[in-house]
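First, one chain by itself in structure tokens, the form predicted on its own.
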Amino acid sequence: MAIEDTGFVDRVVIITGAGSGIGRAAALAFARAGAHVLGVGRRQDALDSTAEQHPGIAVLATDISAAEAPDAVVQAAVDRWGGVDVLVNNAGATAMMPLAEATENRINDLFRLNVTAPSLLARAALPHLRRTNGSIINVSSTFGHRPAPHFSHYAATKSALEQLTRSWALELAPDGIRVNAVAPGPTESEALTAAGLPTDLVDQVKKAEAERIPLGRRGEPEEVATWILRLADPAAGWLTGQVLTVDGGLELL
């Protein structure tokens, strides 16, 4: 998408989970569209690899689930560029957790990262988004609205994020702030490996997922990032409270 076709020139965008996968692809998409991008993540080396691909990307390594992180992330963008126009809540964890193996700590950690951290980031960004009639984009999952055995608590966090999307859209509409979400299906990323699955099982899961998807393959991060960009675009100014599924037709089954 060319710069002249978008409203992102000189706009300030915060993207969490920007060190790989959908987050990296989104950071590059916004930067190429003329935005100032703050890419946030835990791993400095991964963030540096993202930043090296475009001069419009600055990075901040932090754990967004830490108590002080939301305010620090937003303040970093404000100090550098003077405000915030778009918040992309992309960071999250996938956890294979059969009910028989669920523990209080694992459940709490999953909700802290996938639900609480995006909520507190949105709260921290809110005064700045009000000034700019900004936009929040949450990244959910196909499993935010369809069941997934062994991934029930992960699915529950994404279901919560989708309901937050709809509720925030109503709550913040009087402030001119739009809130939408994308719900990707199985997409090439490091998520399965990061969830602790061994390499051979990751390969099996990927193969099985591709075979179930009507379009016959897993998605690419850039294909999801395209829709994050479009949902955030000021040209979509009458669109709010929507969850757009980008999954090759998987939710149709």
Ligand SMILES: NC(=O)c1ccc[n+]([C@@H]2O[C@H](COP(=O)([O-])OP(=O)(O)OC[C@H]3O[C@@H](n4cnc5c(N)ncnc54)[C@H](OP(=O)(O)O)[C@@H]3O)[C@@H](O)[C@H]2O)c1
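All residue numbers are counted from 1 along the displayed sequence. What you are looking at is a predicted structure, and each value in this text was computed from that prediction instead of being measured.
We do not show the form predicted together with this ligand, though everything after this point is about it.
In the model of the complex, at least one heavy atom of residue 91 sits within 4.5 Å of a heavy atom of this ligand. With a 4.5 Å cutoff on heavy atoms, residue 165 does not count as touching this ligand in the model of the complex; it lies far away. By the criterion of a heavy atom within 4.5 Å, residue 70 is excluded from the residues contacting this ligand in the model of the complex. At a distance threshold of 4.5 angstroms between non-hydrogen atoms, residue 29 is out of contact with this ligand in the model of the complex.
Residues placing heavy atoms within 4.5 Å of this ligand in the model of the complex fall in a single listed stretch, namely 152-160, out of 74-82, 152-160, 122-130, 97-105.
The candidate spot formed by 43, 62 and 140 is fully in contact with this ligand in the model of the complex: every one of the three has a heavy atom within 4.5 Å.
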